[in-house]
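Before any questions on binding or motion, here is one chain by itself as structure tokens, the form predicted on its own.
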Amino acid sequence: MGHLFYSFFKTLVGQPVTVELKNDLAITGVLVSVDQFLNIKLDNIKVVDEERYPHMLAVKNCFIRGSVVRYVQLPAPSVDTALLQDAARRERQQPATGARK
């Protein structure tokens, strides 16, 4: 399923997203890139709770390690749920590679 998310996030490059981290920091910015580990690069960032994280006010772009992401909020018009459901169905039907016997 990881490859599905990677492919999907690549289609959102240039779109505004909000990334919430496991430490409760939420950052809104423009998605610049994403890699196969779901590491995310954002530009023009703004912290959702500036009073709680005043040290982040000067930061304009960031790299977020995929393992610290709790979830990503996406712009609703950018999400084609029918396409995602179809892709998930197709991926689930593919035989697993490297399966033990």
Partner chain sequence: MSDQLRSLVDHPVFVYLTDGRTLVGQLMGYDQAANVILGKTHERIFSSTEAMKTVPIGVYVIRGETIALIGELDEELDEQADYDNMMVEPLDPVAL
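Positions refer to the first chain, counted from 1. What you see is a predicted model; the values in this text were computed from it and never measured.
Missing here is the form predicted in complex with its partner chain; even so, the following discussion is about that form.
A heavy atom within 4.5 Å of its partner chain in the model of the complex is found for exactly one of 72, 30, 48, 59: 59. Taking the partner from elsewhere, every residue among 25, 36 and 64 has a non-hydrogen atom within 4.5 angstroms of its partner chain in the model of the complex. Of the heavy atoms in residue 87, none are within 4.5 Å of its partner chain in the model of the complex. In the model of the complex, at least one heavy atom of residue 21 sits within 4.5 Å of a heavy atom of its partner chain.
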